[in-house]
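Let's start with one chain on its own, the form predicted on its own, as structure tokens.
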């Protein structure tokens, strides 16, 4: 049985890490049997989650995990994409995973209102040893990294404007299509859905979520992906 090492479900989301949710969404979409092993960065060879153990082989990074399984398939998700579509998928994924990662981090750790909602539940989720000074130091480091991306607690309006622009661009790219590259899901959709769902479906609202919910194409897209990959959730949550 393939082991998927990642964070536990949190806040009603399959995973509050979009990278973990990306890997698990792919496994579920492909119908690949796996077992979740609750884990954290300290247990990962790369210092990051998710990672998988497949017949003794350890593979880290969500994109590498998808590539590992796709290389074995006779029907790769992206097999019939044109060179232009492959390039589009590459650049969109790279931009979204960077920009929306920091937006999701900001709306939980940086936005003062978001931190006030996130911290009490996070503390209950964390091991005892991480609930005091370790958590303080972790947030301080994240705040420093967010400032390097122009995201400051003092100016949520400006911080969220950056994320809103990404969401608007994604809505424009999707248009009337059911999935981002056409009529069927591709590997790009495993990533974009995980990031969008972490914005749309978390339980505490914020300006970025409110904006996302005005973009009907993205809301409908997430509903389709959830029906394909996460039917029955959150009833399956441990």
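If you're wondering where the values come from, they're calculated on a predicted model, not measured in any experiment. Residue numbers count along the first chain shown, from 1.
Although it is not shown, the form predicted in complex with a small molecule is what the next lines describe.
Stretch-level contact check against the small molecule in the model of the complex with heavy atoms at 4.5 Å: of 25-33, 165-173, 48-56, 208-216, the positive one is 48-56. If you check the small molecule in the model of the complex, you find a heavy atom from every one of 17, 41 and 63 within 4.5 Å. In the model of the complex, the small molecule sits within 4.5 Å of a heavy atom belonging to residue 141. Among residues of the shown chain, residue 101 is one whose heavy atoms approach the small molecule to within 4.5 Å in the model of the complex.
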